[in-house]
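Structure 1 and structure 2 below are the same protein chain in two forms, each given by itself as structure tokens.
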Structure 1
Amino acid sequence: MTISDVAPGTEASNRARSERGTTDQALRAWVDEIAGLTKPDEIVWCDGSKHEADLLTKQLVAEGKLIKLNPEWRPNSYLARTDPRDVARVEDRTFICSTYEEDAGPTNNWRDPREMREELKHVFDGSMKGRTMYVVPFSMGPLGGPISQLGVEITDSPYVVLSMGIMTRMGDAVYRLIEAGEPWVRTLHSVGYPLVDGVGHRRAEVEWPSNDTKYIVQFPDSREIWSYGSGYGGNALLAKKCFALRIASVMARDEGWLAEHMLLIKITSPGGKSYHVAAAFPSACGKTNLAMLRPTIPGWKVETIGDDIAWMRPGADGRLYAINPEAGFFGVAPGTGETTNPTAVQTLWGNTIFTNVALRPDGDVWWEGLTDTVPPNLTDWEGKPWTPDSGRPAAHPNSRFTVAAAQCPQISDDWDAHDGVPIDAILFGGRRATNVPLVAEARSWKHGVFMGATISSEKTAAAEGTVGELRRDPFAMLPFCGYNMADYWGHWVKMGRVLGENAPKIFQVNWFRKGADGSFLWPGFGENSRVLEWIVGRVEGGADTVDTPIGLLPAAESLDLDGLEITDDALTQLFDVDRDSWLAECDLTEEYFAQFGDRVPAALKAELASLRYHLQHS
């Protein structure tokens, strides 16, 4: 950590920063420009060292912004409590400022980039007065890797610096790569709570500085991110959704790769053969549980590569290679427990920053779902006394843990592979009580893109022969695609042509189908390994199928059900393809596509027409 406490832009400050930090003229000029706008007291060039993290942690504890947890239970771990008005992503204040509105598309909030820049310059003017400005260099993916990208975040939040140190490869080595000419993305963040006003009056610090006015702004054409007013999560850790998905999806479109909201796992069969799978699931659809799955069938092993984001690029051999661009997990705490996800719980043994969870009297943390037994007394996420009779959650429903991926006991030995791992299969899944079977294989890459484009979860129950109201989340990218969603589908179709016969197989899965009595037909969790076994069988060229209008389903006896208590009737319902319900769903899909006008790829319109034809003539 290097501190420059002299006026930005002076010869002395430039000399200080050339000795430490970076010699790159463009980066130095940008830092000077932002310092001139935000007017911090001092500038710190972060180096990503343990010493730096220790100093910032001690500072935050001394200021009351972090609570040190009991080291006997949770060594080197801390609890942060946010302002109750700053607890989640703010999608209504998230903007895609492409040059043309049609390039953002109907599912994004668009603003004119010139008008937005003027607006942002006004709110950022003096936003760091009385504060320290931190320059945070980071790599998304292994340093220097062919799929990796570099970025720099300027922030006035030490909490963000600490979190970026966990979530990215952050440090001095990034400056060296930038100096060598590697491109990098500019990201700017301020909590929007200056400690000195325009006339020099100082105000007291608060435990969680933020501002009721918030902006999360992406400029895809110039590869920039500006974030103001929030200190929390994806609003402030700009390497995450803002860069790794919204900006990276545009970079991927322009450069011929894929930036996806997908987990990555390695599956190893009893014979020792390994396969790599990417999977996209909307929230509350079992994504983290699959990323850290513990198979129930003998001899099979699943290892974690990533739990949230995958970047995939064609390799020299023509296959699709993927990395997890992140270095940590930023997971939702509630519902993560010993019974639902023991691997995640074991990952959190120490070296973890918890945000908005409850505090036990013994100095450890707790949240709903962590244990079957609820503690009798806690301090809730707002710092108030809590008992089971309080009538409110002890932990905020969106409370989080931030922890290094390397701590995961199920982490794969190739999770950090410099060139990425070859992808054998891609899965799409929603939360569907009706219609969608347990697993179906796409007939082709284009059919698989159609599956991804029509991912949804039911918001309301369905009447017989109809489909309930659907919450669409194509490719699980609805809040995260940095350009027109229909163009994004077109990019996926194009990637299929690039990959040709090397393209991974595509599957749709649904762990959540319900029977007539409203109960789940499939046990889920570790039993989902049975579906993965069938998928591996398909990749290997075995595992028999039945051709249906919606895709290839497992043939009778091809899905391993040994030791599983499931009735023949439940199995029939799990794979039932109801003609009338699917035709009704085709109508809903056509309505959904209509909002994108003529930008919907012809290939997807053809897939919809083909689905209708096969349903009508089946």
Structure 2
Amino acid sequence: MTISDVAPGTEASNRARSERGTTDQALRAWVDEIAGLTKPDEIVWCDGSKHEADLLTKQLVAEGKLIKLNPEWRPNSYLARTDPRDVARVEDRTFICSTYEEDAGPTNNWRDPREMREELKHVFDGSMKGRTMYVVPFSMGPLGGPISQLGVEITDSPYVVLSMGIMTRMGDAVYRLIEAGEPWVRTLHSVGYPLVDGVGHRRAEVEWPSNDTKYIVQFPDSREIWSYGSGYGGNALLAKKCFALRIASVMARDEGWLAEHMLLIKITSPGGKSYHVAAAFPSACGKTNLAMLRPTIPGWKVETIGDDIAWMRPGADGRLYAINPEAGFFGVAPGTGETTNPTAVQTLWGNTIFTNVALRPDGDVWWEGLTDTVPPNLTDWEGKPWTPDSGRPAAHPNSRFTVAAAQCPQISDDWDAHDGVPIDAILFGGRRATNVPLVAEARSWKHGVFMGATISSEKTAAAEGTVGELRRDPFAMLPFCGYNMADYWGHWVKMGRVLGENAPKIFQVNWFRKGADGSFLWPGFGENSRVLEWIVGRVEGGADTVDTPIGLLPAAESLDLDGLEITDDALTQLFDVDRDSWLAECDLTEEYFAQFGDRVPAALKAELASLRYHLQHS
């Protein structure tokens, strides 16, 4: 018997429910404790079955919280519209509650863990009244894999349950591993919109329940997450940024591995040799696109392993092995089209949840950049009528798709390899209109860590704030590092010592440099395969370089430009290393480092001094 066969609240349903879930005492005790605090009407132990997902989907459609898309165009696919005040990560409401403030560091919001716990107890008291509480067991990475980790998310959002079912390996098998004694991380989420108010009155349900007061709280010492008030993406799918980066980065520091905001790909050369590459770019700066790249150069193949997060550990042979801990893609919709990312477009053929995109009259979805021709009539992401003259985007700039990784037509056969894949090269990038060349190779691991630590990037719509503003985003981890950023750099320096000769080569890339007229100098997307070819050439020990103060740049002719229409002037600008601007960057880097005091690794200070010296003498 499954939960759906019986009426809720009956004796039969209680019996059915007690047959579900887990016998693990610690997990049961935690669920009881949270239920006592949040006071839901009922508790559902999720099993991750298709049946369960179908029921939840039907329920959400019936409640008007999901719109079923026309199955003729988009089978088993749905549109969710969030509250317009709940559309992105909220960095100023994200807290790292380590015991000591210095351990959170100057780039995180720190709060005393004891005070925060007290505050959260008030906030969560009765927060699930009138709602169902779901217990969602999940594995990050293949079940039982040596790099994988388990977690449980308690949530009162069925949208979160469905999304977690796509984004993680969610289901019963995780309970069995927990019962066998595997460690697991506690994550708690409430949309913060109880259906019964403080004095016991019923409150009307809304399409997207959320709360203007939000808390995204990580307790790194006890490896716990408490999230309140948002139903959106990285705020609510706690396995993703909160666990797989903020908490996992702390676990990685303590246990000698790396938890990174990186895509993973396999590249195969015309000669049939395969390489694995990891790349860190800030939010909405091209990870999904590079992960699904289709090379424009003949004979090359790129296959997808992950598009957002990589967990990496030294393997028995001393090399660095990586897994994609996720099982799906939560990708940026705008800008995803046939010409830019045909692979993503094909991945989204069905079984997809779209959030905050526009709706076509024929019951399919649309967003800016999906097609060259703009539909004459749409319903915009807020549910309002829209025409091309409306003067506002039809889809929210941070609208997203949620889809299983296995649906990607170019998913790599080793994407869910139990032991991960060996990494040959690591790329760091950002969105920089000026200064940073298309590609530069680090002279050493330490120089590579310096490149990662000093990345700045223009802000995007993925988080609340001013789009376009330049900010430091070291390793693309600024919003995601669960501890002191300078200690994190130190951890990277240390990992270089552990890996020694086996350490992957490190590169810096920038697809976003602009000319004087404000347009991109480099065509990007599939043409980025030319840069990958050069990087593979370097890994193989070939491809000529020019030594510059900032690193090794491709020598003339060593970057494959066959068949590409690009002017010599654009190329010169793409690779220009302007001495004065870089000296100015050095000053800014020194200022930036200063806030971390003596926690900045000596190796990075030495790299800065060396960069300055070479610029001054160039």
Ligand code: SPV
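Sequence positions of structure 1, starting at 1, serve as the residue numbers. It should be emphasised that the depicted structure is a prediction, and the values quoted were computed from it without experimental measurement. Each form is matched to the other, and the largest set of C-alpha atoms that superpose within 1.5 Å is called the rigid core.
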Report summary line: The form predicted together with this ligand? Structure 2
**Report entry** Exceeds or equals 2 Å, Cα of Ser49 between the two structures, core fit
**Finding:** no
**Report entry** Is_shifted Phe520 between the two structures (CA, 2 Å cut-off, rigid core)
**Finding:** yes
Query - Flag for Gln573, CA shift 2 Å or larger between the two structures after aligning core - result: yes
Report summary line: Aligning on the rigid core, one finds that Gly198 shifts at its CA between the two structures, in Å, by 3.8
